[in-house]
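Heads up, the chain below is alone and in the form predicted alone; it's given as C-alpha cells.
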Amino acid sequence: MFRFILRRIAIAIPTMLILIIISFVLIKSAPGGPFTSERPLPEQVLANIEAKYGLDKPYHQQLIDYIVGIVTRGDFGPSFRYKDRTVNDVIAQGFPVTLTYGFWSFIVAVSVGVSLGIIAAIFHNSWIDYFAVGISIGAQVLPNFVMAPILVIIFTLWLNWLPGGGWHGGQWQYIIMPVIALSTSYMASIARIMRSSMLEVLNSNFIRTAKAKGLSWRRIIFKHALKPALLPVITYLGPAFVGMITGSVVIDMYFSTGGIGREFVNSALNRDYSVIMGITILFGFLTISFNLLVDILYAWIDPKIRY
C-alpha cells in the first residue's frame, strides 16, 4: 500500500505540472488582458505595469517563474485587480467558507443518500422503495441553481424561517439553505447507486448462506452486505466532494456567502488571470488528493484488492 501511495504521488506531480502548463497557455491565448479596458492605457503606462508584474518577459520565462514560486514558496503571485492583495490572500479568505458548507453538504449527501439506498433495497418493490426512489428522482432533477431560488421562496419569503443570504461567520441559520441546495442532487445519485449495489449484494450466495444460518437482518446488512455494497459509492465520493467544492459557484453567487466561487467568477469577469490560475490549481490538487483517498478506502473496505 505504501508503494502504491508513493506511485500515485509520483504520478500526481507531472499531472499537476501539465495542468499548470495547459491553464497558463489557455489564459495567455485568450484575447485581451488584465489591464485592457474600453479606454486603453497609454503605452508607457501599460509597459510599466507589465514590467512590475513580470508580464514583459517571454512566455516560457513567465511560466518557469510561476512554477518556481509555487514549488518553493507556495506563492500564486499577486492579484492583478486587487491592490495590495495576493492570490494567496484571496484563496485564504474565500476557501474556508466554501470548505465549510461543502463539507456539511458532503456529510448530508452521503448520510442521507446511503440511508435511502439501503432502505430502498431492503424493502424492494414496496411503497417504501417507491417513496425513496421518488425522492431521489425528484432531487436529481433539481440542480443547485434551481433548488436555491425555491428554498429562498419557501423558507425566506413564505415562512420567514431562514435568511436569504449572507454568511455572518458561518452561523447555522446561514448554512442550512446552501447545504440543502448543494447536496440534493449528489444525495440522489448516491441513493440510486447504493440501492443498485445493495440489491446486487443481497442476491449474492454469501448472503443466502448467512440467511440459512439464521442470522438477523441487522447483522446481515451491517456486517456482511454493507462493506461490499459501498464500493461503487466510494468510487463516486471522490469526484462528488470535489464537485461540491467546484460547484459552489452558483451557491456563492446566489446566497452571497463570500466563498471562493464568487472570487472565481469575478476574476474571470475582471480578467484577473493570476486568481483564475490559483483557484484552478487548487481545484486540481483537491481532485487528485481525493481520488488517492478513494483508492486507499477501496483497499481498506475490500481486502481482496491489492495494489
Partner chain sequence: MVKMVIGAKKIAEMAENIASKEMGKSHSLWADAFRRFFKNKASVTSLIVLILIVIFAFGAPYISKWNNEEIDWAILGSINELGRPSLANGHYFGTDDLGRDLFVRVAQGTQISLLVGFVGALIAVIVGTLYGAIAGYFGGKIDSFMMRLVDILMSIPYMFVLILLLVVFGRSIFMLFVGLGLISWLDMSRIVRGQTMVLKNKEFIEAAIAGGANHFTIIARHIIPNLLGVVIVYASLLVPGMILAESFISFLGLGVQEPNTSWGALISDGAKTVLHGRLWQLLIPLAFFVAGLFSFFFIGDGLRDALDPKDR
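Note that the coordinates shown come from a computational prediction; the quantities given were computed from them, not determined experimentally. Residue numbers count along the first chain shown, from 1.
What comes next is about the form predicted together with the partner chain, which is not displayed.
- Site residues Phe106, Ala121 and Leu293 are none of them in contact with the partner chain in the predicted bound form, judged by any heavy atom within 4.5 Å.
- The partner chain is not shown here, but in the predicted bound form it comes within 4.5 Å of a heavy atom of Ile150.
- In the predicted bound form, no heavy atom of Ile128 sits within 4.5 Å of the partner chain.
- Mapping the unseen interface onto this chain, Gln44 falls outside it, with no heavy atom inside 4.5 Å of the partner chain in the predicted bound form.
- Remark: Ile27 counts among the residues lining the partner chain in the predicted bound form, judged by a heavy atom distance of 4.5 Å or less.
- Listed stretches are 202-210, 167-175, 151-159, 94-102; the contact stretch with the partner chain in the predicted bound form is 151-159, by a heavy atom cutoff of 4.5 Å.
- Of the residues in 263-280, those that come within 4.5 Å of the partner chain in the predicted bound form through at least one heavy atom are, in sequence order, Phe264, Val265, Ala268, Leu269, Arg271, Tyr273, Ile276, Thr280.
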